[in-house]
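The chain below stands alone and is given in C-alpha cells; this is the form predicted alone.
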C-alpha cells in the first residue's frame, strides 16, 4: 500500500452503529435541549468521532433531525400505541395514552418529561428551523389523537355536543403539563392522578 493510499484510508470516517449513536444522542438532547448540546458533547456521549458524525449528518442540525425521527420511531410509537389500537374503545385508547405518558415521562432510565417538549426549551430565533421540526411532530401527534376522537364521535362514543378537536387539544395540553411536571420531579403516581382527573371529565355518550 502506498503512503498516499494509507493516508486516504486513515482519513475516512469510520463506520459506526447509527441507531446506537442516535439513541445516545436522543438522551443527550432530551436532557440538555438543542441549544445547550454541542458537537463536542455529542462526540463524547456517542463515542463517535466528529468526522464520522459530520460525514453522516452534515452538522448538529442534521443530527438533530435524525434524532427526532429516531425518537418518533421508538418512544413515540410506544406512547401512541393505544391510539392506534383498533381493539380499544376511544376512552380506553385515551386512557392508555395518558397512562403511558405518566410512566414514560417519569421512567428512571430516561430523562424526565417528553423529548418533543424538553428539547425545544430555549431554542433561539437563530434555530427556528429546529423548532419547526419539533412543532411539526407535535402537530402531527395531536392530529392523530383528534382523528381517533373524531372516529369515536362518529361511532357514538362521545357526547353529542362534544368537539373532538377541542377535546384533542385539551388532552394534548394535559400531556404537555405532565411533561413539565415530570421535569420538575413529579412521581408516576402524581402524574397518574393528573391523568385520572382529566379522564374524569370525559364527555361520555348518554
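If you're wondering where the values come from, they're calculated on a predicted model, not measured in any experiment. Residue numbers count along the first chain shown, from 1.
Note that the form predicted together with a further copy of the same chain isn't included here; everything after this is about it.
(message) Among the candidate stretches 47 to 55, 168 to 176, 150 to 158, 61 to 69, which one is within 4.5 Å of a further copy of the same chain in the predicted bound form when only heavy atoms are counted?
(response) Going by heavy atoms within 4.5 Å, the stretch is 168 to 176.
(message) Checking a candidate spot here: are 32, 142 and 180 all in contact with a further copy of the same chain in the predicted bound form (at least one heavy atom each within 4.5 Å)?
(response) Affirmative, all three are within 4.5 Å.
(message) My question is simply whether residue 125 lines the interface with a further copy of the same chain in the predicted bound form - judged by any non-hydrogen atom within 4.5 Å.
(response) Heavy-atom contact with a further copy of the same chain at 4.5 Å: present for residue 125.
(request) Considering only heavy atoms, tell me if residue 106 and a further copy of the same chain come within 4.5 Å of each other in the predicted bound form. (result) Judged by the heavy-atom cut-off of 4.5 Å, residue 106 is well away from a further copy of the same chain in the predicted bound form.
(message) residue 197 versus a further copy of the same chain, in the predicted bound form: is there a non-hydrogen atom within 4.5 Å?
(response) Answer yes; at least one heavy atom of residue 197 falls within 4.5 Å of a further copy of the same chain in the predicted bound form.
(request) Classify residue 27 as contacting or not contacting a further copy of the same chain in the predicted bound form by the rule of any non-hydrogen atom within 4.5 angstroms, answering yes or no. (result) No, residue 27 sits far enough from a further copy of the same chain in the predicted bound form that none of its heavy atoms falls within 4.5 Å.
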